[in-house]
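Take a look at this single chain, the form predicted on its own, given in structure tokens.
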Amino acid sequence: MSVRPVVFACGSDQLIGVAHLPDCPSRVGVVVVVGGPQYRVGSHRQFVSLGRALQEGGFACLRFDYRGIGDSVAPMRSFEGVDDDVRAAIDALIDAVPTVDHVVLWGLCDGASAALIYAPRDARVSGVIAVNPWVRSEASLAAAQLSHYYKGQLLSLNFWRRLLGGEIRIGQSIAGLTSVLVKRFRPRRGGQSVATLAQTFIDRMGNGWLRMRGRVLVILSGNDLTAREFADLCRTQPVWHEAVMPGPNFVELPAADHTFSRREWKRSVEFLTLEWLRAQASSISGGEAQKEITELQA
């Protein structure tokens, strides 16, 4: 096994990555699509740990910096504008491991959103692991805060003890709640709500989800507003219902936070990722074997 730096082109820019290479790699490789302001290491060295776990499990993995992130010097882009970066990373992984002919995109937060947007455009992508996907709008955040934060606070004995004990500034709390209520129930402007205005990238994610249906593993954290917003979207939008249905393609870690900051949460995500990848690799091999049998019998 080896770990080596990879420098590869994306247009006129150079991207920096790190490849984890097993001795006998599976034909399924993994490209980690980082989210938010993170770079290839990740919070709490999450992507380093993930790359090592995948390598030990027999899956080649490339984690890399977008243009404008980490060591990839270029103007910074949002997650909606990284298709070329992801495509270049897939090229680099396959160049490093020519036996890889299927690629799974592993993304956290808006990295998951970018992966879902990109996946159906590249035939080499056989699956997506979407972790706490980002679907935020001002209205969705307000709804999640009402449902999952303020509601929990009002039902918490500790909250009332602290309130009655003078530990909570009631004026600030009321102002915060009022602001959230205004954002949640703000009237439509010019025929469009804030949520509607923000649907462009969510629609693109939805298209990706539909075209990759059955080949997407969704992992959600229980203690994370981003994950709650995604779960709320799935409950209210029919196109997304299957994304959070119990089964092999959906897992929720009830106590985990957004970046899986505890070792046991990080290890759980690595385990779930490996198990799902093994199932995908087995399915690919089984499908091709069945195809050969069918052709021989024809």
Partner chain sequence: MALLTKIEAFHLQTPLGFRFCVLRRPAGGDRSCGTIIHVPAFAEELNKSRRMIALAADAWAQDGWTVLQIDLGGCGDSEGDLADARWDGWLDDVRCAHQWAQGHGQGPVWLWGLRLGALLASEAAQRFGLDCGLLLWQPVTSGKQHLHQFLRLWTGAQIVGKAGVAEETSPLKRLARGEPVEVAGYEIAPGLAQGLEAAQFRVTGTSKGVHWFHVSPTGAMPSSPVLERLQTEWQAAGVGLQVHSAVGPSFWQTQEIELAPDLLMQSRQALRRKPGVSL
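Positions refer to the first chain, counted from 1. Just so we're clear, the structure is a prediction, and the values are computed from it rather than from any experiment.
Heads up, the form predicted together with its partner chain isn't pictured, but that's what we're talking about next.
Q: Counting any non-hydrogen atom inside 4.5 Å, which residue from Q38, N249, S26, T273 sits next to its partner chain in the predicted complex?
A: Selected residue: Q38.
Q: I need to confirm a contact call. Of V244, V269, I69, A60, which residue comes within 4.5 Å of its partner chain in the predicted complex, counting heavy atoms only?
A: Looking at the other structure, the residue within range turns out to be I69.
Q: When its partner chain is placed as it is in the predicted complex, which of 115-123, 74-82, 202-210, 96-104 ends up with heavy atoms within 4.5 Å of it?
A: Checking each option against the 4.5 Å cut-off leaves 74-82.
Q: Please determine whether I293 contacts its partner chain in the predicted complex, using a 4.5 Å cut-off between heavy atoms.
A: Residue-level check for I293: no, no contact with its partner chain.
Q: Report yes if any heavy atom of Q14 sits within 4.5 Å of a heavy atom of its partner chain in the predicted complex; otherwise report no.
A: Flag for Q14 set to yes.
Q: Residue-level question: is D257 within 4.5 Å of its partner chain in the predicted complex, judged on heavy atoms?
A: Although its partner chain is absent here, D257 would touch it in the predicted complex, with heavy atoms inside 4.5 Å.
Q: At the 4.5 Å heavy atom threshold, is V18 in contact with its partner chain in the predicted complex?
A: The answer is yes: V18 has a heavy atom within 4.5 Å of its partner chain.
Q: Taking only heavy atoms into account, state which residues of 35-53 are within 4.5 Å of its partner chain in the predicted complex, ordered by sequence.
A: If the 4.5 Å heavy-atom criterion is applied to its partner chain in the predicted complex, 35-53 yields P37, Q38, Y39, R40, V41, G42, S43, H44, R45, V48, R52.
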